[in-house]
Structures are given as structure tokens and as C-alpha cells.
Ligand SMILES: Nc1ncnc2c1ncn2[C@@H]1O[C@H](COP(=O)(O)OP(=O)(O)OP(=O)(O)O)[C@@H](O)[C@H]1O
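Okay, so here's just one chain, in C-alpha cells, the form predicted on its own.
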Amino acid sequence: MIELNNVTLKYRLLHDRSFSLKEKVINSLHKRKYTEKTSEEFLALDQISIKISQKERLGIIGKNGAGKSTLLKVISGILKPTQGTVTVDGMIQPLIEIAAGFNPEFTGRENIYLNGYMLGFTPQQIKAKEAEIIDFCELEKFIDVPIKYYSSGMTVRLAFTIATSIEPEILLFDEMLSAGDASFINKAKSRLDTLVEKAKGVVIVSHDLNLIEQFCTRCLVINAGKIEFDGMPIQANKFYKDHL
């Protein structure tokens, strides 16, 4: 379904060498030197090679900055690797930063249509799904209120429901339930189960080790852009707790 061969991704980090007069005086008093480097290379992914088979539910865990979300973006095609190849058999729907496309001045209903367009729905398709989306996210009383007045949990509920109204072949998730309340998370997991049954497979990044253990059939532990462990979720969680 998905195959990565020696995938490497490098960033060039630029250093800002501009300083205010106040900073120059403080640095002079403390005998601090300005940085000599104007830029440096950062290895976000380091020779990643994996194969993800059809119907697998792959979890990816690791500390912040380990490269989890970067790997997901490379698989989805959002980022292009510096070296290596990515082969995907199937239509991918990356559910990454799913609330990023919301307009805070628009109401929840207006954002349903805005995000529906962005996901490739026609107006007729969005209209057909509108009532189901509103009902599932439980925002009937607030659906015509601008989302700038929504709590983070309300925003996530709406974004998740819109994003999972599609039925792609391959689903990619990145921490999309981190701000949801407990009752909605259970409801969302059931919805994901239904989606995955219809899809070829799923790849999910999460800090919720219980979610990974319950939902996934395989798990990668990523550290400093490298795969440190690849195996069953229970063993992956233990490795993560013991070694990272």
C-alpha cells in the first residue's frame, strides 16, 4: 500500500544575526559572542525505509520534534524528501492540522461548506452531508455562531466530523483528537473504526499511547528522525517508556 525507501529529509535552519541596541549592550557586558553561523542543516528524517501493507493500522509515536508529523507529511506528499522514494497505491486523505483551514469569522455552518470545498466535495455533496455533520459533532445550538467563539474542543469536534465525512482509501491522522472531550473521543474512535473498515489502511500519529495500543495493529517509535522500533503496539509502548 505504502513503501518508503531510504527517505531522508533535510532542512536548512537560518539564524537571525540582527540585534537591537539593548541586546548589543547586554551581550557586550556579559561578553557574549554573536553566532558565527548564518545557517545550518537539520536532518528531520534519516534514511527511513518501511512498507505498510493493506488493512494495516500503523501507529507512530515519539517525543516532540522526533519527526513523526514530518514523516506523515512526506507520506501524504505535502513534503518532498531530499533523498529516497515514496510509493503509494491508493488515494490518500491526510487529516493533518484539520482545523487550519477554518475561517474564524465564519460560522460553523459556513466552515462546513468552506472545508467541504477544500476536501473536494461539490455543493450538492456538502448539502447532503450537512445535517449528519451537525448532528455528529453535537453543535446544533452553536452551528450558526462564528467559530472564533468556539472552545478548542468544539473546534476539534467540528473539524474531525467534516474531515471524516469522506471515505478515502488511505487515512492519515495527526493528533486530531488531542483537544476532544472523553465522550466525544469514544464516539470518534467508533467512527474511525467504521472508516478504516472501508479503507485500505490507516497511519496515525499520537501521543495517546492507549489509543495506539487499542486502535493500531503495528507501531513505529521515531527518535531524531530514525525508526528505533517497529512492531506490536504493546511492545512499542514499552520500548518508548523504557528508552525515550
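Position 1 is the first residue in the sequence shown; the rest follow in order. Everything quoted here is computed from the prediction, not taken from an experiment.
Form predicted together with the named molecule: not shown, discussed below.
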Please tell me which of 52, 44, 202, 192 lies within 4.5 Å of the named molecule in the predicted bound form, judged by heavy atoms. 44
Contact segment among 68 to 76, 118 to 126, 160 to 168, 84 to 92, judged by heavy atoms lying within 4.5 Å of the named molecule in the predicted bound form: 68 to 76
Can you work out whether the named molecule is within 4.5 angstroms of a heavy atom in all three of 138, 183 and 215 in the predicted bound form? no
Applying a 4.5 Å heavy atom distance criterion, does residue 175 contact the named molecule in the predicted bound form? yes
Is residue 13 a contact residue for the named molecule in the predicted bound form, using a 4.5 Å heavy atom cut-off? yes
Is residue 198 close enough to the named molecule in the predicted bound form to count, meaning some heavy atom within 4.5 Å? no
is_contact(residue 63, the named molecule) in the predicted bound form, heavy atom dist at most 4.5 Å: yes
